[in-house]
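The chain that follows stands alone, in the form predicted alone, written as structure tokens.
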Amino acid sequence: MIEVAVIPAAGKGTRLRPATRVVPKALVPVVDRPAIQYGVEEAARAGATEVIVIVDPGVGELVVRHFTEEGPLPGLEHVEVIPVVQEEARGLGDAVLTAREAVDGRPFLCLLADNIPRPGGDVLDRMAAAFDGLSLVCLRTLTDEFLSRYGVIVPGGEPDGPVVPVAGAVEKPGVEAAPSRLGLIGRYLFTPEVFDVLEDLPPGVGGEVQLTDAIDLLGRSGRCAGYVADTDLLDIGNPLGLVEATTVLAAADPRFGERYRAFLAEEWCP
């Protein structure tokens, strides 16, 4: 069982302005809870008992308060949430590297707070079950429009069920340069060797330390595989995605989903 997870949740959330001028991106509400809680719950369902949340300066106290102030949240009684501050925004790869000391030499799950699984669509637990000592990255077949927005892997051979060898990766290659249509969608299971790779990485696309570049080097050395998911994630990092995610999650909620679906049908889909 993989007992520790890392959730990079720093960043200014500029795509969600003006809301994120005063509300940290990690604490933007989706239905009835902040975005970061969905990530912690997902990690817990995959077996994690420690969740390291990478935050901006000044946000860690707010995150801890949310998870502890009035006692443990239901379902998270056995999960410790540990904030780690990324002092300067230098990219996703740097954010993951910030967790090195807290991870303490263990394999770890890694999930992006901007993305939430659809109800019943968890993949981290399946990745943990497929883990065999190599870093494992979650993949999804992308359409043209997303090939310039996501990292894309170089397949290293034929798939074995949902698992495919990874021979490299390219950050946001675009349609013409994409080595495949298998894109990185924000769910990973890394061995601690990823920290050694990240430590020596120069800045990449956008002048930032790119996690995709670390995956590229792991793949080139035969130390990475991909897990092809059969469902997509909900992107809450932009206003339309946030509204769509809220609608999907609210409509599926057993407490009020039926009433909400009836409201949508009456008001918007007559």
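Remember, predicted model here, so these are calculated numbers, not experimental data. Throughout, we count residues from 1 along the sequence that is shown.
Note that the form predicted together with a small molecule isn't included here; everything after this is about it.
For the small molecule in the predicted bound form, the listed stretch (136 to 144, 106 to 114, 190 to 198, 176 to 184) containing residues with heavy atoms inside 4.5 Å is 106 to 114.
Under a 4.5 angstroms non-hydrogen atom cutoff, the small molecule in the predicted bound form lacks residue 129 among its neighbouring residues. Contact check for residue 15: a heavy atom falls within 4.5 Å of the small molecule in the predicted bound form. Among residues of the shown chain, residue 100 is not one whose heavy atoms approach the small molecule to within 4.5 Å in the predicted bound form. When the small molecule is considered in the predicted bound form, residue 11 lines it closely, a heavy atom lying within 4.5 Å. When you look in the predicted bound form, the only residue of 92, 152, 164, 123 with a non-hydrogen atom within 4.5 Å of the small molecule is 92.
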